[in-house]
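Two forms, one chain: they're shown below as structure tokens, one block per form, named structure 1 and structure 2.
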Structure 1
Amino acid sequence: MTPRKRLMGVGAAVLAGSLVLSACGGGGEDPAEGDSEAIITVGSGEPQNPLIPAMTNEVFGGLVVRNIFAGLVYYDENGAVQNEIAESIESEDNVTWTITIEDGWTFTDGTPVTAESFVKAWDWSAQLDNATNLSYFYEPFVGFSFEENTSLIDEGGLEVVSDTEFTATLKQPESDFPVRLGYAAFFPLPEAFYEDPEAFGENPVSNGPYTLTEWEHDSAITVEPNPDYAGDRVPQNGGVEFVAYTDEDSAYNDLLANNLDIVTNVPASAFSTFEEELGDRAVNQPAAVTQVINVPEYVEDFQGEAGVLRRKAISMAIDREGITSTVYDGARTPASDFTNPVINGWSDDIPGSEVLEYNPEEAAALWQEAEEMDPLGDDYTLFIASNADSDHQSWIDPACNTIREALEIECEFDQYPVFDEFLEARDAREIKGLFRGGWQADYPAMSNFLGPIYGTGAGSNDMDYSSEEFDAKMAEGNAAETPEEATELYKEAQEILFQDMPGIPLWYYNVTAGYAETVDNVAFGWDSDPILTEVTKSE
């Protein structure tokens, strides 16, 4: 994805990640040499929710939504912000933002993309009655409320000025506001959406590089190039088929046989061999993805002072170095904070982060201290929940082994057959122990690894964690005048997380992916996603 448009005038790349990720092209052919009608196949899975942008906060649906919709801006391969529909995003005080869009954009039903397309979509997505997963991202806007249903339009948070201009007014200065606007929460919607949101979610009217042609549930989603797309991410292929797999080994074997073009996640069983097997077609590069074990606040075993001691004991009982070297062959890096090294401002010396170091003796002492306060008994079993259609058992089993050895308790993998069943149990607050959590950055900023996960009422705060001190520190960081000041405040926010341990950071991901001999010009971006519009295929 080559940058072509100018950056925005105010705060364009504030806090954006600076680490440049290498492109992994296959053979270096000019895109014109591929078959522009060929369909690219990608290993994927069944989305949890309808394909409505503000409802989509998981990887399978997210990859589709980001390719069929276009927003004000997009993130290029290196995480830099590039204008897409936006002509300019400007502010004199970082509170009131004037957004001007390019004229001439249309949705796939032929209706125009106007300022109202954004304002009305954002207002709908923010209203509590609509129960969107991404409503938290509107919390900074004037008029947003967690307590009652309100309209950002009625309360002054959003205003249409003309067909090509609107304003967004925030509760306080937010210097990185433009950086967020490439995320799905801020995509526009056509009038057709409001007529029947349920039908729209099954067959979206969109405005991005691709348009959906078929969704065969639990099997595949197919998209084709949108002939009316007016931006820079023009597809160099005839479309994409997102194939739903329930087993990553099967997807990888299909790749080796050239029956699948791209896998976005090499299974653990192939970590030691995939680079040799795929050669130049293997992808192994840092990405803005972090894995944790989350601690539900509703599970009594982890409440109160004894519960915090248990959280820290479990963290110190996990041998991250051993697991990342043996299970992942070095394709994961033990975590030392709650964010990610790909993002500007990352630090490995946050006070309190010593609880992420493997220390079985201290872990045992903390567990025993908790037992003296609130005993669970000698027959206690710790459950770690996740889906079984990915390779999470490969790390949960050895993690349980070191937990058993250090704490002298039982530990088991609480497995759900497929990803969406796991998510449904998580969202229904039915998890009986801890649960696996993974975070792929929505936009390239430290705040994105903190507020959306641990902020009170946040859309991805699946643990129900709430800390007034953490929320206040995040608000202070978001209002910082400089990236340097914001970074220090986000570090202080992490100190609070290390005190409370609502999640137990495990490791940072590399993109470990690959592609078949059938395709060229394959690159993976800063966020671990393949840049599908650039892929070419010869048939």
Structure 2
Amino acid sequence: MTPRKRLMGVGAAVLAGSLVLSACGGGGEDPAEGDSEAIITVGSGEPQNPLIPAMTNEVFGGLVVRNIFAGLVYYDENGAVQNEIAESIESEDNVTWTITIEDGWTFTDGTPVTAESFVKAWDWSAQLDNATNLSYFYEPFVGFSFEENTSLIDEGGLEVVSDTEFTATLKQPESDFPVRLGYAAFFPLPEAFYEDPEAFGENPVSNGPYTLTEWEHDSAITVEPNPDYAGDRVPQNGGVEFVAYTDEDSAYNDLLANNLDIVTNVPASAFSTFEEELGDRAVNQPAAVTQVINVPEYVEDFQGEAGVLRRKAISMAIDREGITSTVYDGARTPASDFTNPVINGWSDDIPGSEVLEYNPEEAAALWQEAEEMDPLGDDYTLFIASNADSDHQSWIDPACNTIREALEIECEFDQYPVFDEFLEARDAREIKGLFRGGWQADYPAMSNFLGPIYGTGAGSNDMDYSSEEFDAKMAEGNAAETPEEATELYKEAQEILFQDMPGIPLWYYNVTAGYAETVDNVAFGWDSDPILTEVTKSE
């Protein structure tokens, strides 16, 4: 199995939560009274980074870190933001935020969690010299720099007011700032961390629902309930064992044999059978991941007015419905916007979104129109680039087939053997056609699917797309007073994207997971992670 390198995130997922609930309630029986001593086993993998919150940018380490640490806020089963250590997070102008925290929280080594625990941790993680994987999360803070080593405290981005209060100052208004604070980058760290970060990464001192008991490399990580935990996510079981699997198929087979309680990823080979095999213990709900084909602005074929017509023609030539049902057996949902259905305020009828519907006649007409303006010729070959070390051929080939049929051009999968080779070409702007893109939300806000990808000069804007109109709309949304108002503005920003088509949204990923007969109360959050504290074991 290729190690999954998707980035994780946090956020609001009302839709996801309701689906999970129906999955659990399907049996119509009362959840069995659990054994509070029982250890829950979860199929996972060896974390790629030390267990330091700001270092964990991949799923395996992220799942552990989120269960052993507590932040200012957390995301509940329905994906809503709930205060955990925070008492209040307030701002008048969306720029300067005053954060007060509850008294009485401690780390597992007995030291108290104070305002300084947060401020120092964020400052350390944001410093360039410490090269943390999540450093981009601190980019909005005053004083943050990717060029030189700076301290957010010295530059005025963070300030401790008292033991229970601190302020954060941002470079510009960010209305969704409180939503971000449940992310691992914003967890507090104890004093012990700074003495020896390396040892800490192996055996962290934490403040969350669980605390680490053992990390046996390449085979398992065990955590047990933290008796000093002072929040709402109180574990209903005797601990969790994250079992490392190198192959999803073997984890799934272990689940079938009741040797494993929860799998977070059903292997593709079982997509067509798992719902039958697991019955109401199968989980298939939207995840906060959206797959896109990106259009590089530097490729001449897609520039200008003719270019935009071609983008729309290609979009309408792809049979999303067909591919998601035949290739993925329903484990993907055709996209109807640039964001994701797990996000609050999501809607599928944004003006312009009709270009995402399969319409070969219209597609052919648009392509013809573009040909009249700026001919590419009949023997034109469209390239769709991706890495070949994970399974992308299975959707690119059928997508190419429908494009070939509708537009009467050639279409080919432009393969890069390994992921980092693909990244290198992407970052060097050397891709000769369209390329695969995917986005997993970091926090549950619509803006997270838009700004970081389509904003001018944004970190993940690998297309070099630039639209003043779009940037202005996003800035307006970020400065909005209420979340509802912001959502409306973000939707208007999407209308601009539908005109320009810097990317062609394909489909939303689903969480395809399952659990064994041995456990109850298993729900998956908006971020595709099981909510482990709630799980009970009936044995």
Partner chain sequence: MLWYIGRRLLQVIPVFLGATLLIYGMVFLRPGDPVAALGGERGLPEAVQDQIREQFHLNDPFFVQYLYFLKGIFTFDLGPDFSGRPVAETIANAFPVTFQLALMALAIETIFGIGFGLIAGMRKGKFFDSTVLVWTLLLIAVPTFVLGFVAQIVFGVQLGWFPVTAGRDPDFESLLMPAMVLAGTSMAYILRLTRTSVAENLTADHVRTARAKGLSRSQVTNRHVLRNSLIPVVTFIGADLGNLMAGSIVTEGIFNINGVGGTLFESIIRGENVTVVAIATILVLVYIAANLLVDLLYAVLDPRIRYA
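Just so it is clear, the structure is predicted and the values come from calculations on it, not from any experiment. For residue numbers, the reference is structure 1: its sequence is counted from 1. Between two forms, the rigid core is defined as the largest C-alpha subset superposing within 1.5 Å.
Next item on the list: Return 1 or 2 according to which structure is the form predicted on its own.
Entry: Answer is structure 1, the other one does not fit.
Notebook entry, point to check: Rotation (°) of the smaller rigid part relative to the larger between structures 1 and 2?
Noted result: Rotation of the smaller segment between structures 1 and 2 is 30 degrees.
Checklist line | Rigid core fit between structures 1 and 2: Cα deviation of residue 306 in angstrom | finding: On core superposition, this C-alpha lies 16.5 Å from its counterpart.
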